[in-house]
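Single chain ahead, by itself, as structure tokens, in the form predicted alone.
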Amino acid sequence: MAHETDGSPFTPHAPEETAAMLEAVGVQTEDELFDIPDAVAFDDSFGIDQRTEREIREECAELFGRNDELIEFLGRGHYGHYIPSVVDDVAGRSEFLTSYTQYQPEIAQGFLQALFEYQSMFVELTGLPVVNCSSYDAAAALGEAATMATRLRGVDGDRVLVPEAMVPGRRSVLENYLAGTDVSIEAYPFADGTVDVDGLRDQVDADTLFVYLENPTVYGTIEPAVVEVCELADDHDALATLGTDPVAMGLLAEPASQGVDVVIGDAASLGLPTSHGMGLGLFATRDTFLRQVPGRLVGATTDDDGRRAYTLTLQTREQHIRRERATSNICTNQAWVGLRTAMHLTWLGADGLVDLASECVELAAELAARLDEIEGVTAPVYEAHHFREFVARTDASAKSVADALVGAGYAVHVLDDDHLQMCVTELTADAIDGLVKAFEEATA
């Protein structure tokens, strides 16, 4: 039977149903359910004309149609890899989509097991025994690592050291996490696209709380000094934290074997298409810090019949425990994205992950070599091994070159007047010829 609606057309309530619900909670109107101070209450109109669903769809289609159809050779923290169809197919099942969070283990065993496997996969990749599930994105995971360091060291340290060049956005989020504390954030220098170890050594001291580095770096260079940086941090009882991603870890040395205390990064480089926003924050650390890990863990146990079972454990955010004991008050559940990442990793397998990582090295080297043959272009700028991306120098204006590339259908990063950065994966490998040709024309 059709009802007259007074709310969303997708969740209709007849007036008598609304009245019955209001009576049940002891109020006369829906406005009484909200206590909004007059000082912040909005009493104006939004000025949005009422339109039909069809009209809204047409308007949105016109708006989205203004987007440029570009082949993106963009990276700097956002990476696109081929996502197998099984990920969309299985992750789109209703039992996964409707399970926002898995607080009731008796009805969420399948999802909890998948998240336990996600944790287990990253234990293998990082070599660190504790992986949470999960943080919102890599920037949030970095902030959580730094605040964990403040809890571990107390008042013994008040300086956080980060590279002068790092993935955009991460430093600003880190600053937000540390706002209101006495902790300062200082940048240490780079030399030829990687850590200037001597410069860092001059900065690390007894007041250093936390040292952060990235591998690969924001420039795509492979960092050769991970062990040295971790040793410097350890010599001063500072927490050594590494930013990376699952594809890179398929080829690089195991972080734990290099002395890393915490691994953070965006695990959604597998499982999600490039979104330039939404991610999946990886957070892995040592057993010593187990009870200081933000967020939550999925643990394995046995039920009353002796069968293996899974449940959320060590849920240390403030919505679960007393605020003064919480390790985090911002730890968004990214379970469904974690599920997709676990599925993608499973589909690849160990050999497939290594093959994909190797391809990221080979494709970057191929594109750089071909650009380097163009007169007036030097690629790569840094004498280092590169992963996925690299910086190129051009005698012509970098912005004018990038604008010309956009006109030809390609997007790259402009770093400054002379430098461009580009990223290539298996998804854009077939477009290398076109990019090189457009580059030749743009710099002629």
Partner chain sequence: MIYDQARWRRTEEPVYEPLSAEKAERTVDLDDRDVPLPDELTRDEVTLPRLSEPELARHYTRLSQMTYGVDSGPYPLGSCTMKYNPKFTEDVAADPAGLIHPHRGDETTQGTLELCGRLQDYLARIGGMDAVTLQPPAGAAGEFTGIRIAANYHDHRGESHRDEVIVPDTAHGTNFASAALAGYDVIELPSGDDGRIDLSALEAATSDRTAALMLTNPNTLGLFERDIETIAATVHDAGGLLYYDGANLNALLGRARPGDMGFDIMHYNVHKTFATPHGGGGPGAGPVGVTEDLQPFLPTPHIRETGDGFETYEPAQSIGKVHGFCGNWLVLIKAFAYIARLGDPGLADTSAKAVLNANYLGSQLDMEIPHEPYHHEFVASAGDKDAAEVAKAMLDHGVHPPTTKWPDIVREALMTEPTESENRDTLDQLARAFNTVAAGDEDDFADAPRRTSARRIDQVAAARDVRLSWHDVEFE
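Positions refer to the first chain, counted from 1. Take the two forms, find the largest set of C-alpha atoms that superpose within 1.5 Å, and that set is the rigid core. Just so we're clear, the structure is a prediction, and the values are computed from it rather than from any experiment.
The next section is about a form of this same protein that is not shown, the form predicted together with its partner chain.
Contact check for A165, A369 and T394: none of the three has a heavy atom within 4.5 Å of its partner chain in the predicted bound form. The partner is not drawn, yet in the predicted bound form one stretch among 229-237, 307-315, 190-198, 204-212 has residues with heavy atoms inside 4.5 Å of its partner chain: 307-315. Using a 4.5 Å cutoff between non-hydrogen atoms, F289 does not count as a contact of its partner chain in the predicted bound form. Looking at D137, you'd find a heavy atom of it within 4.5 angstroms of its partner chain in the predicted bound form. Proximity of G259 to its partner chain in the predicted bound form: non-hydrogen atoms within 4.5 Å are absent; the residue sits far from the partner. For the chain shown alone, E95 is a contact residue for its partner chain in the predicted bound form, at least one non-hydrogen atom being within 4.5 angstroms. Only one of I374, V183, L152, L353 comes within 4.5 Å of its partner chain in the predicted bound form through a heavy atom, and that residue is L353. Residues of 59-88 that come within 4.5 Å of its partner chain in the predicted bound form, judged by any heavy atom, are E59, C60, A61, L63, F64, R66, N67, D68, L70, E72, L74, G75, R76, G77, H78, V86 in sequence order. The Cα position of E23 differs by 2 Å or more between the shown form and the other one after fitting on the rigid core. Residue displacement note: R51 has its CA displaced by at least 2 Å between the shown form and the other one (rigid core superposed).
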